[in-house]
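A single chain comes next, written as structure tokens; it is the form predicted on its own.
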């Protein structure tokens, strides 16, 4: 069973976007090397890259879904379903952060839209993130909204731009005042969970091929977990070089 079968009816690119995919073929040595641009096509047509979109990319480029997932999780600029329709990315690297430029831009976004980094508005229209260097370090703060790149984005310039977006969406600042933002979960599902069947041992299934490994949404906890903090060299047990006894250095 594929990811697509597990999620429901198959979805494909439209004729227009399939044509754009085939128009690019001659520009690359093989389809595998087209993966990043193929994901951009999928993102453009569907508004984000979800699991079904990753399967489309895998089929078109002749790679595994795991390979596609690896690229989507490595390159954070790909838009995921949890992101807002309008995605604000504010540079938080040193040159933008100096003199409070990053903080000022984030405060303005929060005052207008009620969201802080890592959050989206409840209606899904806007989201905000801190990101690493967006270039143009001499014109802080640098802000990217989807594919639009802005320099010196603060003060009246930023306020006016947000107001223009609100007007475009028939919204106002009042629509977001006093409303809490939604924490975004940008993790990508990797390998499916598995049911525990009778006869299965604690270390694994005896007859894996006899089970359906796919859960429907909400039927099982996520398989992706956040690892605990690593122990530092100052707290990790080390061996006493003289007596070969374990000791904790603090």
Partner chain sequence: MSESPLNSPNGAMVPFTPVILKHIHEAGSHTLDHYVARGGYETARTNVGKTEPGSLVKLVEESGLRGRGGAGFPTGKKWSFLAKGTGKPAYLTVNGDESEPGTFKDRHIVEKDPHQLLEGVILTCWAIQSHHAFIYLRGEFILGYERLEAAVREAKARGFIGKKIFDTDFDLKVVVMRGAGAYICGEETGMLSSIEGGRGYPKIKPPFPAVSGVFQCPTIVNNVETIACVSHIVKNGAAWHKQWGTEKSPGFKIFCLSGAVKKPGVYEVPLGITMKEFIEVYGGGMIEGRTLKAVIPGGLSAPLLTPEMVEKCTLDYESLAGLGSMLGSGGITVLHDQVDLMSAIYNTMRFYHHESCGQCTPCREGTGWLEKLAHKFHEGHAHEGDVDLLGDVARNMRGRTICVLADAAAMPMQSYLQLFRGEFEKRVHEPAYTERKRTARDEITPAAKRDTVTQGGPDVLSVGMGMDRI
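Keep in mind that this is a model prediction, so the values were computed, not measured. Positions refer to the first chain, counted from 1.
Beyond what is shown, the protein has a form predicted in complex with the partner chain; the following relates to that form.
Look at 74-82, 119-127, 152-160, 165-173: in the predicted bound form, residues with non-hydrogen atoms within 4.5 angstroms of the partner chain sit in 74-82. Although the partner is absent here, residue 99 sits close enough that one of its heavy atoms falls within 4.5 Å of the partner chain in the predicted bound form. Using a 4.5 angstroms threshold between heavy atoms, residue 70 counts as touching the partner chain in the predicted bound form. The closest non-hydrogen atom of residue 180 lies beyond 4.5 Å of the partner chain in the predicted bound form. Residue contact with the partner chain in the predicted bound form: residue 30 places a heavy atom within 4.5 Å of it.
Contacts of stretch 131-151 with the partner chain in the predicted bound form, defined by any heavy atom lying within 4.5 Å, are made by 132, 133, 134, 135, 136, 137, 138, 144, 146, 147, 148, 149, listed in sequence order.
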